[in-house]
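Only one chain is included here, represented as structure tokens and corresponding to the form predicted on its own.
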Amino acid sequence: MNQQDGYADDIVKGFVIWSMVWGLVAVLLGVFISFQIAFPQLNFPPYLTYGRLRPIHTNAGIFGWGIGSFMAFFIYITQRLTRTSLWSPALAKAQLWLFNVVIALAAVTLAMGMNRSKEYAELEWPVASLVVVLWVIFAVNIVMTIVKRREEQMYISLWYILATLVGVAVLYLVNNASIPVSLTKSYSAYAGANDANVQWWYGHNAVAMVLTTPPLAIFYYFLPKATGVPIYSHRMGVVAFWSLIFMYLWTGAHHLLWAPVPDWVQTLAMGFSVMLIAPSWAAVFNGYFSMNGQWHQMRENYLVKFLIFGITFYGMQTLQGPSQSIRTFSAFIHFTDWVPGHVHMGTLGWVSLVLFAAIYYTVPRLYHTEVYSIPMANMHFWLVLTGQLIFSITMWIAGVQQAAMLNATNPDGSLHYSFIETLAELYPYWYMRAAGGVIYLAGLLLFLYNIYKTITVGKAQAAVQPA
């Protein structure tokens, strides 16, 4: 079924296209700031410095590319799993406009230095208020579509979608509670260690509700579509879902190990973080077991490559994350380049690979055509995989070396290396990271060209068809 059957697919097209635009902005900025670290002379104050551009990069990546794509696929998936047209297409059109206004305002205000200094919650209160309006519009539309559904059975993707809608709303409202003192400045409603605790309760659960549950909803929907066989176990998926939701909410304080928050809070977060391996890997095994008898599709079906490598990076991410939550290991790698290597394996490896597959599957169907070039899609896959691996692996090695040097001591207990000596040793890794980013960008440009040609071919075919 499509637009002619009552589904609001024009909205899906809009969100897909704009999410790709913001995704390109995010990667371009990411590559540029990686060069700024390797070549500090590329910082041009006040607007084009690393400090101003880095939050624009993360906001464009997580909210522009990530949330934009999730909005597209939540609308696409929900209509089809419920066999119900979107509750209000007019509301969704307003949502698309507001989404782009918010992302553009975020970029402008962050470039001007308006920043709450909270990671992933940098936006000042006027823009943050618009985000709340945007999310309410989105959530109401999806929830009402599910309420009015014609399909009684709720597939696992719908559970993840509902969790995302509720989770993001709660997290964003609590952590963004602030006291405005002017149109461009506000202060957190919390003070001291409590503020840090709330921030990282938000920060880590934003990873859960933005970078985990939405891509899992998309993975569970598109893997069976791509392979042509059902998911291995829906029951395993539901059990893993509830376990994941329950455990994730307690883990935020593992970002504050060795900080002035109570020991029992840190230990609780550490324990739940380690337990998270079980539900996370239940999803990974569900994906792998779904491939029983279908592994040949890894050679023959480009969509499957994106999805299976994506879920594999999710599995690696969910082993690395809990290990980093253990006090001794955290003390070693915290505040080193290990952390950006970990984060980018999740964003470039897990989230983006799944989104690439979803876009490759969806766009030809929305425009009633075939993907323009499968060889180009395969080349895109290998370029982004290579770029991401170079990025992450060099950062992991750099992080370990950095940690070892920072912790090295002389027999009298004094530090063996100065901070500058440690810094100088990192430059070769930063050059390699920038090179990895360039390779990833090349793959992304190939992807955008392939999708652009797919859309133009689809429109041309539609134009010559008789009315």
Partner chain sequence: MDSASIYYLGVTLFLFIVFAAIVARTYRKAHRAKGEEPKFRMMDDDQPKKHDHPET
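Predicted model only: the values in this text are computed from it and were never measured. Numbering follows the first chain given and starts at 1.
Keep in mind that the form predicted together with its partner chain is missing from the display, and what follows is about it.
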Is Ile231 close enough to touch its partner chain in the predicted complex, meaning at least one heavy atom pair within 4.5 Å? yes
Using heavy atoms and a 4.5 Å limit, would one call Asp263 a contact residue for its partner chain in the predicted complex? no
Using the partner position in the predicted complex, report whether Glu151 sits within 4.5 Å of its partner chain, counting heavy atoms only. yes
Is it the case that Pro340, even though its partner is missing from this view, gets within 4.5 Å of its partner chain in the predicted complex, heavy atoms only? no
Considering its partner chain in the predicted complex, find the one stretch among 369-377, 118-126, 221-229, 390-398 with heavy atoms no farther than 4.5 Å from it. 221-229
Between Thr84, Ser186, Gln317, Asn176, only one gets a heavy atom within 4.5 angstroms of its partner chain in the predicted complex; which residue is that? Thr84
Heavy atom within 4.5 Å of its partner chain in the predicted complex: which of Leu98, Val170, Val239, Val132? Val239
